[in-house]
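First come two forms of one protein chain, each written alone as structure tokens, so that there is a structure 1 and a structure 2.
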Structure 1
């Protein structure tokens, strides 16, 4: 029998993830706040009018939403999951704060008895399209294992990190490393260009050395070419995550100077109208090109 999954949220990451589930033979029902994003799914999934309607009689509900407010609205708002009756498991691929995760999980468990698995993802749009995402999960071990075969078409790695909220904490660790690294790559490209080096040659020149990394290989060519087509992610979303890092860090007295500086660099993209462009557009801020736009 095919697994029955409701997928809520068909944005930059959610749409390719839902498509992969449909291609894997899942009995899929989808919902999105803006209905036009459901149009490409009409031939491969059922379209629901509300989160509540999407969730009924499913083996699991998958969420991929922008932020904690969106998650709370879909889960606890009018015609939300809390009104769907008894649910089995909810897997949240969104990146939100660990505290909000625990609060929402407790409230939906009280309303529907649903188990919550926070399962934020890493790998960007390419990983979502290719089914090679890295997923870090928080929740009861038995529930995490129950959804493991359901998320298999989406990921190359699915790691149980601990109780509810642990997945989100792990994603914040990921965002410290990736957010700061992307900012450093932008700084390096800007320096190379200012010093007269052909920055388009850097990925080949530094391949295999200590400076090499997946973010470097992915973003350095895009930054050097000023190629922001086929967005991988936006500065706005990275800033949201780094602000969540800083908020969580204050609660545990963590020292986060690199994250603080990186957050301010991403914040600067908004001043130049680049917050929703591909994250590679951060090079415009570091190189000084962004100021020439105004």
Structure 2
């Protein structure tokens, strides 16, 4: 029998993920807070009026929402999942804090017996469209294994990292490394320019070595060219993630010098009016160009 899945949240990431599930033959029910985003799904899924209605009689409920408040509203708010009767499993692709995850998971388990799997994703819109996301899962092992075939159309990698919350911790680890690496690449490009070499040659020159990484290949050329078109991510979003890292870090007494500094650099970038430019605009602050703009 075709698995029946409710997909709640058809944003930038959620829409292509839900579309891939429909194309893989899932019996799909979708819901979105603003109804117009459900329109493109009319021919490939049923449209539900509320999270509660969407969730009934499903094998799993998938969430892909902006933040913890949105997740809490959809799960515990009016006409939310808590009012759907008994539920099997909830897979949350949203990136929210490990702490909020554990609280929401405990409350919905009381109300519906639903098992929670936090499953934040990495890979961006291209990964969502191509079904090549990296997914880091937290939850009871049996539940994680039960949803593995259901999420298979979405990802190249689905790793069980530990109990509920462990997926969100792993996403924070991912953001520490990617957020700091982008800042380091900006610093290296600014240094190269100050020292008089053509920074546009660096991506080629350093390819395949210890300086090479996906953020280097993606952002070094954009930084060297001061090209912020077709934005890949913003300083505002990276700052939100790194501030979440620092908040989580304080709760477990983690020492985070590099992440703290990188967060302040993104904060400075935002102060220079570049919060919503592509994250490559961090180069403006490190090169001093930001001070020369009007």
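We call the rigid core the largest set of C-alpha positions that still match within 1.5 Å between the two forms. Positions refer to the first chain, counted from 1. Note that this is a predicted model, so its numbers are computed, not measured.
The chain appears twice here, and it is structure 1 that represents the form predicted alone. Remark: the rigid domain rotation between structures 1 and 2, smaller part against larger, is 14°, computed from C-alpha superpositions. Core superposition places the C-alpha of residue 281 5.5 Å apart between structures 1 and 2.
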